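Before any questions on how it binds or moves, here is one chain, the form predicted on its own, in structure tokens.
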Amino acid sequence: MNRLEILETGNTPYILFDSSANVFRIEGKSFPEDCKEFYSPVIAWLDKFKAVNPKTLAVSFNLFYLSSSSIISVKQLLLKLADFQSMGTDVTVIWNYDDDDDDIKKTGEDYLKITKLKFQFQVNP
């Protein structure tokens, strides 16, 4: 499976999904002009990755700003991860946030309620 790497820009996060290295992470700020367009390659990659049927999958999020449209796109991405869980994959979402950033922490807590995925909340050092 090819790896997906999208470099960070001034308004989009860094994304690395590399199944051979077992690294799945999204970090930075997310307020692209067109969220659907930006996140569509990530969703498509996950759709193809379903064929691999991994036993475990841990995806790390370290976002420090999400626009309202990004919140929706990230929710769709997390719902794709929930599809993996329904196929029997042990999915863990590692939700990193700054200690003083209650908004990002609460967003992760909201995603937990919506998706029923296993979340690990970690404060950034």
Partner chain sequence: MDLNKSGSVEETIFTSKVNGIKAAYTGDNKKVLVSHVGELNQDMVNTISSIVETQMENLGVSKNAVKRIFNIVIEALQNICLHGEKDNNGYQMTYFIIGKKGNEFNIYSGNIISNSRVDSLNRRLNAIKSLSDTELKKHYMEVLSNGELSVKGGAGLGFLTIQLKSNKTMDFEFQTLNRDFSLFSLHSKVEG
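Positions refer to the first chain, counted from 1. Because the structure is a prediction, the values reported are computed rather than measured.
Only in words, not in the display: the form predicted in complex with the partner chain, which the text now covers.
_Is it the case in the predicted complex that 60, 92 and 95 each bring at least one heavy atom within 4.5 Å of the partner chain?_
No: no residue has a heavy atom within 4.5 Å of the partner.
*With the partner chain left out of view, which of 82, 44, 72, 52 would have a heavy atom within 4.5 Å of it in the predicted complex?*
Comparing distances to the partner chain in the predicted complex, the residue within 4.5 Å is 72.
*Closest heavy atom of residue 48 to the partner chain in the predicted complex, within 4.5 Å or not?*
Although the partner chain is absent here, residue 48 would stay clear of it in the predicted complex, with no heavy atoms inside 4.5 Å.
_Against the partner chain in the predicted complex, would residue 117 count as a contact residue? Criterion: heavy atoms within 4.5 Å._
Contact with the partner chain, no.
*Are any of the heavy atoms in residue 110 no more than 4.5 Å from a heavy atom of the partner chain in the predicted complex?*
Although the partner chain is absent here, residue 110 would touch it in the predicted complex, with heavy atoms inside 4.5 Å.
_Partner proximity in the predicted complex: residue 19 to the partner chain, non-hydrogen atom cutoff 4.5 Å_ = Answer no; every heavy atom of residue 19 is more than 4.5 Å from the partner chain in the predicted complex.
_Within 4.5 Å of the partner chain in the predicted complex: residues from 14 to 45 (heavy atom criterion)_ = Those in contact are 31, 32, 33, 35, 36.
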